[in-house]
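Take a look at this single chain in structure tokens; it is the form predicted on its own.
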């Protein structure tokens, strides 16, 4: 009986300690999501919004070809950005973790990678415009070198510029978790692989990559979620010539169509959660958290 009482008291103390954080999460995370879900079922006219329980907003979204094209465009941005950030992030993390022997230099170079991210995302994004413009630095340099005869129009206000900005903005979110995971790899495993006759590529593919999967998945979740919810980058870097789901939501909010915007946000949230759920089936990232 005494053991049960002690266990019950510990259980009660655990709930008491967790209650402040639970209250904060319920207030600032769950409550807004519930409100968005509720509003997504409301109706709207050109002049007013009225409470209701109807599926008109979802029916319009799910039967519109525009919705599917915009979601497909969003997936395209997310997939290409993910591939580029993974390639760059893995390379940078691998170099810092296995080629830089001094811990001091590792920290210094890692902090050097973070310096550009101390400025605003919008400033770093807009800085590409004078570089990629028709009369910008890139075109001027290529023309002066004789590589091209006339400015390249696709460098700016195109899918290329959007993806370039995404990669620039979100690569660090891939570098950090991969570098953190690589630093935990026991170096004796790499030495054992080399002693066993494995080449550098075999060691990389059969030892380092499998042990780095949790970091890759964490970085993937960060990058995919950020790209799919971004709207300002697509607006500026495409010159409003392209759209993603974030832009759809922004346009609805600008037109005061909050129920439609909420419905789109709910569909986007479900889509992102489904993607994250599929990713978590491949690796247990709780070991990294």
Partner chain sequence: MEPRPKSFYLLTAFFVLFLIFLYGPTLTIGILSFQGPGGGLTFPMRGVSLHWFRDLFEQQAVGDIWGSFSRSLVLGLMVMVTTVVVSVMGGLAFRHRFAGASLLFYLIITSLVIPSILVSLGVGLIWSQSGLPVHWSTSGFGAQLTWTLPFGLLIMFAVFNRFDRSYEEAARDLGASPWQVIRHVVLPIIAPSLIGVALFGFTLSYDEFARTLLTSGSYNTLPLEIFGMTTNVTTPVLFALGTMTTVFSLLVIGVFLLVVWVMNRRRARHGSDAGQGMV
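Bear in mind that the values here come from a model prediction, so they are computed numbers and not experimental data. Residue numbers count along the first chain shown, from 1. Whichever C-alpha set is largest while still superposing within 1.5 Å between the two forms counts as the rigid core.
The same protein also exists as the form predicted in complex with the partner chain; that form is not shown, yet it is the one meant from here on.
Q: Using a 4.5 angstroms cut-off on non-hydrogen atoms, would residue 62 count as touching the partner chain in the predicted bound form?
A: Judged by the heavy-atom cut-off of 4.5 Å, residue 62 is well away from the partner chain in the predicted bound form.
Q: Are any of the heavy atoms in residue 41 no more than 4.5 Å from a heavy atom of the partner chain in the predicted bound form?
A: No.
Q: With a cut-off of 4.5 Å between heavy atoms, is residue 205 one of the residues that contacts the partner chain in the predicted bound form?
A: Looking in the predicted bound form, residue contacts with the partner chain do not include residue 205, since no heavy atom lies within 4.5 Å.
Q: Even though the partner isn't displayed, in the predicted bound form is residue 154 close enough to the partner chain, meaning a heavy atom within 4.5 Å?
A: Output for residue 154 is no: heavy atoms all beyond 4.5 Å of the partner chain.
Q: Residues in which of 162 to 170, 75 to 83, 142 to 150, 207 to 215 have heavy atoms within 4.5 Å of the partner chain in the predicted bound form?
A: Among the candidates, contact is made by 162 to 170.
Q: Each of 16, 115 and 127 within 4.5 Å of the partner chain in the predicted bound form, by any heavy atom, yes or no?
A: All of them do, each having a heavy atom within 4.5 Å of the partner.
Q: Heavy atom within 4.5 Å of the partner chain in the predicted bound form: which of 52, 255, 66, 29 fits that? Just give me the one.
A: Contact check passes for 29.
Q: Could you list which residues of 207 to 227 come within 4.5 Å of the partner chain in the predicted bound form, counting heavy atoms only?
A: If the 4.5 Å heavy-atom criterion is applied to the partner chain in the predicted bound form, 207 to 227 yields 221, 222, 225, 226.
Q: Does superposing the core leave residue 270 with a CA shift of 2 Å or more between the shown form and the other one?
A: No, shifts by less than 2 Å.
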